[in-house]
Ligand code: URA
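Shown next as structure tokens: one chain only, the form predicted alone.
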């Protein structure tokens, strides 16, 4: 039922022109995965490959994300992945406040339909949108925050890890913490 409702929501979103990004996109990058799902990942916005294929995290950062999930015994088929904005910002720049505000109702509806217990924000932009505006990824990654019955954690965005491999050990520690909590509080690791 939730998957069908998400498809209906995606069809409505395809006609959205609340901000200029809707005019320049190649494809809408709405979200992908299983719903309902206890775990949802939220990135900042589509890059070039995502814009071409219409699916989040399919380029080099997506391949790294798949590897990161595999390290903790998860695969993307069992979770839901979305972004704060559904259309690619030009030249892969950060989404602007107005663009995120225009897309926020779509993201809020996705969250309501997916019904996650846990949301992992991939990077500073997503954490600033979902956890707290002044979120500091360098200081607060890997920490848990709770709001409206959902537990949030932020980790470095896979693109940041491609640019700066020195951040990978911290991220792997964050992933181990995610696995620890999921083992204790979710059905992902239950036989």
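Just so you know, these numbers come straight off a predicted model, no measurement behind them. Numbering follows the first chain given and starts at 1.
FYI, the form predicted together with the named molecule isn't displayed, but the following is about it.
Spell out, yes or no, whether the shortest heavy atom distance between residue 44 and the named molecule in the predicted complex is within 4.5 Å.
Yes, contact at 4.5 Å.
Looking at the partner-bound form in the predicted complex, is residue 57 within 4.5 Å of the named molecule by any heavy atom?
Yes, residue 57 lies within 4.5 Å of the named molecule in the predicted complex.
If you check in the predicted complex, is residue 157 within 4.5 Å of the named molecule, heavy atoms only?
Answer yes; at least one heavy atom of residue 157 falls within 4.5 Å of the named molecule in the predicted complex.
At the 4.5 Å heavy atom threshold, is residue 50 in contact with the named molecule in the predicted complex?
Close contact exists here: in the predicted complex, residue 50 approaches the named molecule to within 4.5 Å, heavy atoms only.
For the chain seen here without its partner, which of 66-74, 138-146, 161-169, 36-44 has a heavy atom within 4.5 Å of the named molecule in the predicted complex?
That would be stretch 36-44.
In sequence order, which positions of 1-18 have a non-hydrogen atom within 4.5 Å of the named molecule in the predicted complex?
Nothing in the stretch sits within 4.5 Å of the partner.
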